[in-house]
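Each of two forms of one protein chain follows alone as structure tokens, named structure 1 and structure 2.
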Structure 1
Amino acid sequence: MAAPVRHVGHYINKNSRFLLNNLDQLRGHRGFGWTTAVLQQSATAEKEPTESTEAIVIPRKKTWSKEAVLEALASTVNRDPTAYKYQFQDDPYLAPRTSAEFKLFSLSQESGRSAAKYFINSNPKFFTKDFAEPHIPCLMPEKVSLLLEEVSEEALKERISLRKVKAAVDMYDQLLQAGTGVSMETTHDLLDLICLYSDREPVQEGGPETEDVESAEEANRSKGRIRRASDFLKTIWRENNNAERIFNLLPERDTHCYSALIRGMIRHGAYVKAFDMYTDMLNNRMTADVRIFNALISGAPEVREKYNERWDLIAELLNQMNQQKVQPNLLTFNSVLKALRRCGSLARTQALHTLSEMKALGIAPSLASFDHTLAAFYKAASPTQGQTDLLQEVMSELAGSSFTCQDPDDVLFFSNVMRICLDNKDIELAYRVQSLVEAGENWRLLGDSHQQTIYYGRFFSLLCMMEHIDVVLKWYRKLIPSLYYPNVQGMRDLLQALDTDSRLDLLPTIWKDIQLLGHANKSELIEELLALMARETHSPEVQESFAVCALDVKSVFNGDRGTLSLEWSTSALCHITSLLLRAKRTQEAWEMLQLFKAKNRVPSEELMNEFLLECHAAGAPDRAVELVQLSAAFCLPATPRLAQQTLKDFDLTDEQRAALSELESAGEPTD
């Protein structure tokens, strides 16, 4: 049995060598993608030892974020300008079509989400089962119930982490009564919590507001004085609250303790008391930290009345920072720039010096830094048209950059810059601002929906004012409805742009958009639309489309679509009647004339003349006579002239001539 197997193996080995030799020859003659260079490299690789394999370096493992796949997929698609925002795409029925609906649905969603979260956190025992795989912590109830009931520092830490202000203060008092010491670190956290919420329980999402907040809001409605920024705070700093009491009970106080109280006082409107606390800290031979200086600088305009006194106080604080060797940060300079906005003419010179100092220290300005600086040079409604040199420099420095939010005021930059472009009518600069918004994810810094509406509203108004109508319509389709819901002024700007470039034939299409955007109940907008359509005579096709649009407008005035009817005005009745006449819809125009009497409105003489000419062109003497009689019923001064013209141009019966002659003679002056 072994011999046959040995022969078979010898036969296979012999044939395999034969096949390999033939394949090498075929490679050279037929060339299945093998070139001479490749053959030489393979031969060299066979001759050389395997040193190269030892030099291979395995790359380090790449760590991907959890959102890497989603980010890669998102980068392959662009925004759909015809789609609504993603937050409304779960339920097409609730997709907003107007700015009012957008606000209503957004608030409804947020309110429902807050109410659900409040219910879950208030009743965690009903939501103990976790069906999600893998576990999703944000969908589970937060741990808001207290687990530690004994009097201990750990129980105090638990109450601080759960933001239970009253419970934390009570636990701290119990520890002091028991003679148990509390570490300085825990004391810092307690003071931070109390000062952050001004010794009140934080309002949970969906929960009821406290009486203190409501009373503060009532106080903000006071009249008879100029309101400051501090008037809009929801809470105020109460005298001798728990923060001050605990601070006074401390045997040793460090910078962090002073910092918590000073920042809390500034945050909640006790500016003078914050500066007194800072003076007390200096008297105790202690140095402040950067957060204390940031808070004091932001509160400086509130404790001084004159502009130069405000700047002197800010400069003094900066000098004390230098003396105490406290390194400023971005928020320090932003606080200075923001305070300079309330320092009058000093702001222009000192703002530029502040920016230079920032760059000298290697601190890159944020969008808020540039916003505060530009605000010093470009005041709203100030005579600075054509002076955009500083803004040009800022945009050149920011071009192509991608930003992240470093200051709460960063979200105000784009809307304020677009206001400057609109005031100066600089469309090229506006395009540069829009390019910066589209760079990276800078669109996230446009702010909330209200700020976005302001930004795009100003941009669209500038487009309507400065650009050709084709460019305006391109941006109109790009922005609406995915990014912008234009208000009444935005639609009026669009109508004026159509008028400027003689594209009034698009007015019926714009009217459909006006209805979709919820502005069909704005009488001033509708009357401007009708006035543009009725101002001139156009081709028969355009006049027919205008007539259809006019009848649609009529149904809106009559409330035929389940909406509140609008009050008819004389101009609206005249325009619609004139549009129907030009489209040869005489019967419908005559019905509109009857509507004048029903609505106690008087038609214009121009409309009556136009109607009489249409009757003459249509050969309708009976309708002409009725028109003259209707004019007499309205007591129009033009009635005798209309009667005379009808007697001259129409073939009338004797009875009709007698009636018109009587109307003609009634208008003649008597001796």
Structure 2
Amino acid sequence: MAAPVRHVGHYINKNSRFLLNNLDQLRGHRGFGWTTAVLQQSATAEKEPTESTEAIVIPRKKTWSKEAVLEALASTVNRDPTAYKYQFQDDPYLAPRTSAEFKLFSLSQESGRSAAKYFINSNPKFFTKDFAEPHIPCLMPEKVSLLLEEVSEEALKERISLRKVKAAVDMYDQLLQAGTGVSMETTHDLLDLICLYSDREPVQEGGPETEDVESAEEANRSKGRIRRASDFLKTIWRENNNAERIFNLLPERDTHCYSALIRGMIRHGAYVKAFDMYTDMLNNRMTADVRIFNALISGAPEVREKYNERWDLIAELLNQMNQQKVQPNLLTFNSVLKALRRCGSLARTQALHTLSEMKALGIAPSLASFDHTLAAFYKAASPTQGQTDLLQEVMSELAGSSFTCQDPDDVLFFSNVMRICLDNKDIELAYRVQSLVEAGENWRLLGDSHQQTIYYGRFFSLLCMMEHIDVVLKWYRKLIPSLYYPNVQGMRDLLQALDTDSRLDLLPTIWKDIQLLGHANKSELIEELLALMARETHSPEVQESFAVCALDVKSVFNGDRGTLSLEWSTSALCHITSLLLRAKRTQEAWEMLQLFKAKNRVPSEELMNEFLLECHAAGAPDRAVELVQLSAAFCLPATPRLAQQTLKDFDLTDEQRAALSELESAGEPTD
């Protein structure tokens, strides 16, 4: 009996909790002898700290955005500095190697896409079958032609949504004539449409091929900005256009109508009218909204001439804004700061005040605000005596943050800041700016390719100016050509940096890069390169590489590669020849001399001396005589001396001596 009891006790101990829960049932139904034992065990069990049933907290289900997986994957990939831009990674033949190629290829990609879109939209009957499951709306033809023809508000809304200005205005007039009222909302939309485009048709984005070619040409002219053609047309607000007419016809005008008109007028240059309309609005005792004020502030410098008058107008507008209880937003202050750029000396103090105001109101300044403020302090032309205090403050304020574009002028921030660093030769600050660019998604705010080129160009020149050549080369490999195709000035800065740190042995590799970048036809660059190579004598290997390089340059000049041949210049010829001489490539050097004659260029005296020395070293008296005769043919003033030297140094035949002495004497009499 004891053993089973012990066993039972052991069992009860192990499963005390389970038994405790069922204990009441046990006790109720059975009256066994060992219930006392059970009770004892349960008592001991109860003395143990019973684990309270933990409240199980089910964590809230995480919802991920639809791009979360891809973003996580994308964060594992860094930029490869040896690869070209991603959009060109298709055919190695089509990888752009120069900046001109880059612009051309990216424009052609864009134009291809828009041509495809145009075809789909203009021939929807060929694109009816929908294969995609689930449905992809953006690949289907868009509705570009009008469907509704009857005179109704629906038709008007359709025209507005398709942005057909003239058709919408006509429909509106028809509706008014028919007597049907148009709802206020539709009227607002109509006025917005007319004022945005200043009563002209908007330029079609997916226009036919010709328009893209035109925009490409225009873009190429203005340094390859990829823009729609409409941006280049400065539209003017015409007198008595439809917007004003419709506005005057309206029985009641509310803030939105005024807003549309004022904004349209400011956008298209009718500043005085806009201000008149604003006073009109005030006379009707209406409150303006924040967008009206933004527009008016940005137009303020146009309606006043003197700096303090401009500022007074802006301040008055802001005060009225406060009185009308309109809360300013970021764009308000950005337009204040932008207008301050045209207020002369007032800009410095007032810009700082505006920044403090923004801070006090809890509006975080965007990059554009800082850009305008810095522009007030750091004018492009005037030196600031190396004081970059304000910029350093701004950088410490911004350090490490990631930005999104909130104002179209945000993209000008980085290139302007780099200009300030360049003007003040502050490399530390430039590094801070670069680290800000590399933080997060800020690289997007460098803007389009033109702005990027400006930014990196300035950064690279600053590096070449200030840093040791190893650092320069490290950045060179990082930036070029994956981010930036340097122009001629950039390459010249690089050559200068090489010269400063006496790394002229790298010149042949740089020459190859110059050829890749398409600057091989820039004469001043080649001149500088040749001059640097030919200036001093180097070690034999370096001289040999220089000679190879020189031959390469010669082939460029001759147009051997099919490129346009350059005009030979004297210095180029001299340098190449001396380089060849130093590398002991005498035969090629002699050929160069013949080239002198062919191109009607006169070799320099040092070159002749070098040749003579070389002939002496090679022991070729015929050559020496030929040289002197050549020199005489060029009517060089050094001819007699050369002749003399030849006579002295070389063993010559009699006739040679005769010829030489003639030359010697021929040069003697002074004219």
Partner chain sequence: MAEQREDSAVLKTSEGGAAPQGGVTVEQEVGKPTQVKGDVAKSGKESLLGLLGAMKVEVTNKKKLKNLKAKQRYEPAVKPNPAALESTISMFQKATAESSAHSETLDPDLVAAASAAASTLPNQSQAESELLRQLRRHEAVTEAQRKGDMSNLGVIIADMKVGRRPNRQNARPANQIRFDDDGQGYTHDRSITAELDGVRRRRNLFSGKRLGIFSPTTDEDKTPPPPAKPTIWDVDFANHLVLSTNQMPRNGFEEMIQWTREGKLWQYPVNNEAGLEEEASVPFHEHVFLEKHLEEGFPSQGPVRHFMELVVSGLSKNPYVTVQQKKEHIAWFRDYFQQKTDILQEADVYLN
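By rigid core we mean the largest C-alpha set that fits within 1.5 Å across both forms. Counting starts at 1 and follows the sequence of structure 1. These numbers were taken from a predicted model, which means no experiment stands behind them.
- Legend: structure 1 corresponds to the form predicted on its own, while structure 2 does not.
- Core-superposed comparison between structures 1 and 2: CA of residue 124 displaced by 2 Å or more.
- Once both forms are fitted on their rigid core, the CA atom of residue 252 lies less than 2 Å apart between structures 1 and 2.
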